[in-house]
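One chain comes next, on its own, written out as structure tokens in the form predicted on its own.
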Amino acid sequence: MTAEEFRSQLDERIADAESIIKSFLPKEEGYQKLILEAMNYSVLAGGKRLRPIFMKESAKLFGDMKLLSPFMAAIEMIHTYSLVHDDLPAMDNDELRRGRKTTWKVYGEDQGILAGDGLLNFSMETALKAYESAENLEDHVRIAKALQVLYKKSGVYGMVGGQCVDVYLEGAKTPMDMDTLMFIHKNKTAALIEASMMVGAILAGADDGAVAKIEKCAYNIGIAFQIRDDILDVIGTGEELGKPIGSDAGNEKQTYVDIKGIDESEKDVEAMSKEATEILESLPGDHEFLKELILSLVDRRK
């Protein structure tokens, strides 16, 4: 696949994910219209829509797609709510995201909190709509398993847990050990990628062994992605990253590069991405686009 072919296919998948997400957004009406506007403003702020794309590409490996769309929208709502809350003054205190004002700057801190809460709850309402497409008991079981994975990976034993430790240790004077750092990266970054790919596989009918392989593949993608982010914070340019270089150091955040150095970090990114693509090759279906997507993320300059 050439770079142009990959870019074209990625653009098609982003447009497809965008259309699906928009179809599940709430109407901005009623007494609670303000929070619905804030929720939609947050979701429609743009982005690569990587998590719904990963979900759909994983499902394609196993075939059955009829239950997928509500979960694609739901995971983007979960990802978006986490960003809305990250931007709040009590967290990162960011006023801009993707070139426009963050939700709390537009609607106020109180509505920013409520918009994040609303998106998390609405994601559950949305995911449950998959039952409307269920045709038999097996479909019901798949949806139940997918719901369990989605909300565990995004909760206190996943993304929320990782964010908790990250915030608590920010600015700590004691050097962070690798086990703690990997806990943060696994949960804060990798967990939602794991959820995306596992949910796609589960809903499409993958067996437990295949789902376990998908989870390991997604873990490697998430960790490699985060290490690359840490590397770019050291060697990237402000223009490439869209943020000041060295921002982690400025926020007193210890990173993978701080512990292992640039050279070892680069080697680990390569090893993890290689293992992820090898896992994909052991699974059924067409993996070409998915492998190219992985490589584009771990080799990126921004």
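Not measured: the values here are computed from a predicted model. Quick note: we count residues from 1 along the sequence shown, nothing fancier.
The form predicted together with a further copy of the same chain exists for this protein as well; it is not shown, and the discussion that follows is about that form.
Discussion item. Just checking whether residue 47 would be counted as a contact of a further copy of the same chain in the model of the complex - the rule being heavy atoms within 4.5 angstroms.
Written reply: Answer no; every heavy atom of residue 47 is more than 4.5 Å from a further copy of the same chain in the model of the complex.
Item to complete: Although a further copy of the same chain is absent from this view, report whether residue 174 comes within 4.5 Å of it in the model of the complex, heavy atoms only.
Response: Flag for residue 174 set to no.
Discussion item. Please determine whether residue 122 contacts a further copy of the same chain in the model of the complex, using a 4.5 Å cut-off between heavy atoms.
Written reply: Within the cut-off, so yes.
Discussion item. Just checking whether residue 85 would be counted as a contact of a further copy of the same chain in the model of the complex - the rule being heavy atoms within 4.5 angstroms.
Written reply: Looking in the model of the complex, residue contacts with a further copy of the same chain include residue 85, since a heavy atom lies within 4.5 Å.
Worksheet item: When you measure heavy atoms, are 1, 15 and 53 every one within 4.5 angstroms of a further copy of the same chain in the model of the complex?
Response: Not one of the three qualifies.
Practice prompt. Identify which of 102, 154, 220, 80 has a heavy atom within 4.5 Å of a further copy of the same chain in the model of the complex; exactly one of them does.
Written response: Looking at the other structure, the residue within range turns out to be 154.
Worksheet item: Just one of 210, 160, 232, 106 has a heavy atom within 4.5 angstroms of a further copy of the same chain in the model of the complex, so which one?
Response: Contact with a further copy of the same chain in the model of the complex is made by 160 alone.
Item to complete: Would you point out which of 127-135, 212-220, 197-205, 93-101 contains residues with a non-hydrogen atom within 4.5 Å of a further copy of the same chain in the model of the complex?
Response: The contacting stretch here is 127-135.
Worksheet item: Can you name the residues of 179-197 that have a non-hydrogen atom within 4.5 angstroms of a further copy of the same chain in the model of the complex?
Response: Contacting residues: 179, 180, 183.
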